[in-house]
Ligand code: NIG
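Read the single chain below, which is given as structure tokens and is the form predicted on its own.
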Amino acid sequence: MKALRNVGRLLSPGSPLRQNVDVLVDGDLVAGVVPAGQGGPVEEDFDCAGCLLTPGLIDAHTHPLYARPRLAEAAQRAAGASYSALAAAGGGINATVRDTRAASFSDLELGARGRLQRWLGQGTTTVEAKTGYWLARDGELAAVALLSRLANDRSLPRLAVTYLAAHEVPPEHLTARADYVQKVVDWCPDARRAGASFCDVFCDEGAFTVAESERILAAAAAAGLRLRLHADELGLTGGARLAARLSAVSADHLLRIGPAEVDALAGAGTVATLCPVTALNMGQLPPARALLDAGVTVALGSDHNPGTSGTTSMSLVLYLAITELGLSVEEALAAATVGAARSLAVTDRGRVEPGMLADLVLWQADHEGAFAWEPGLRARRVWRGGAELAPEG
């Protein structure tokens, strides 16, 4: 048993604010929360010095396995080039596919490990991680297997692995879309066996149609994969309504949706996973307040990817959710913990309560208002399953 002593403020979504407490940890789990000094003798003490303690943050949308970022495109976009124009010129997802197919898996693993270590050092203890930069059977399945192997490394965040072969139609199939859709369908059972928990489809303008997406997701569900969608980011094409109709666990981005789509998500219980970094890059914000007001569970993701979002800081995402999407501090923290846990269909994390995983972050602040004041608030200490890890230097 260990005790995190002298916690100034404990903010755990779904529970009242607790001040001046000790948090007791037994193995991987939270054992209790007691008034400061009343925890009794333990094997190990850590003095939290009156700082803020929260659950470990959960990043519900990432693309961490790729060869290199598309920095020239980032500069072009900053100068006014559109996402669609860059893709039409040979950039975008297919540019990363070319780079990633040419890279060795040892180099790809090294890069992914470095990114994941940054996530953990910045206070993110669970990360959803997608494939999607091979768009060919062997590469996509090898990517699932690699991410599944990294998920067992206790020096990295916990991972939820998502099969995203339907990220884009690869160049070699542009004149045979139906053939590629059939391949993605056929690979679903293999992806499940390789360790994927979810299947995602980029259902949007210029990507996969609603009919194509539904066909892939039906096969994924039959293979035992839970369903997610990139939906209505580039245009209002019906992705959010499809997610609701299929009872997908999450519909992500949602920059173009309106009241009808909000109501559909609310009725289906589908989580809305919002990615404010990418939304700002695209110049279009999702209707976060309307979603919350309708009773939709909101989650947050960094959308870390080689094109539009290089951040691994979920505290930066929290800051943007507060300052740009209009969430309160408490709403943003809930979206990055219990909301994100629901997006990943897990119930053992996201709160600091007895029996929950002891995934905890002590912040360099004595009040949660710091999330609304300092972009990228730094973690002072991070615990993953009760094991203390050094924060990012």
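Keep in mind the model is a prediction, meaning the values are calculated, not measured. The numbering used is simple: start at 1 and walk along the sequence shown.
Below, we refer to the form predicted in complex with N-(iminomethyl)-L-glutamic acid, which is not included among the displayed structures.
Given that the partner is absent here, does residue 307 sit within 4.5 Å of N-(iminomethyl)-L-glutamic acid in the model of the complex, heavy atoms only?
So residue 307 counts as contacting N-(iminomethyl)-L-glutamic acid.
I'd like to know whether residue 228 contacts N-(iminomethyl)-L-glutamic acid in the model of the complex, with contact meaning heavy atoms within 4.5 angstroms.
Close contact is absent here: in the model of the complex, residue 228 is far from N-(iminomethyl)-L-glutamic acid, nothing within 4.5 Å, heavy atoms only.
Taking any heavy atom pair closer than or equal to 4.5 Å as contact, tell me whether residue 278 reaches N-(iminomethyl)-L-glutamic acid in the model of the complex.
Yes, residue 278 sits close enough to N-(iminomethyl)-L-glutamic acid in the model of the complex that at least one of its heavy atoms falls within 4.5 Å.
Residue 167, heavy atom within 4.5 angstroms of N-(iminomethyl)-L-glutamic acid in the model of the complex
Residue 167 belongs to the contact set for N-(iminomethyl)-L-glutamic acid.
Are all three of 59, 198 and 349 close to N-(iminomethyl)-L-glutamic acid in the model of the complex, meaning a heavy atom of each within 4.5 Å?
No: no residue has a heavy atom within 4.5 Å of the partner.
Position in contact with N-(iminomethyl)-L-glutamic acid when the complex is considered in the model of the complex, options 140, 232, 303, 261, heavy atoms within 4.5 Å:
Looking at 140, 232, 303, 261 one by one, just 303 meets the 4.5 Å heavy-atom criterion.
Could you spot which one of 119, 187, 208, 133 gets a heavy atom to within 4.5 Å of N-(iminomethyl)-L-glutamic acid in the model of the complex?
Answer to the contact question: 133.
Could you tell me which of 61 to 69, 362 to 370, 47 to 55, 327 to 335 sits within 4.5 Å of N-(iminomethyl)-L-glutamic acid in the model of the complex, going by non-hydrogen atoms?
Every other range fails; the passing one is 61 to 69.
Suppose contact means any heavy atom within 4.5 Å; which members of 187 to 206 contact N-(iminomethyl)-L-glutamic acid in the model of the complex?
Sequence-ordered list has one entry, 202.
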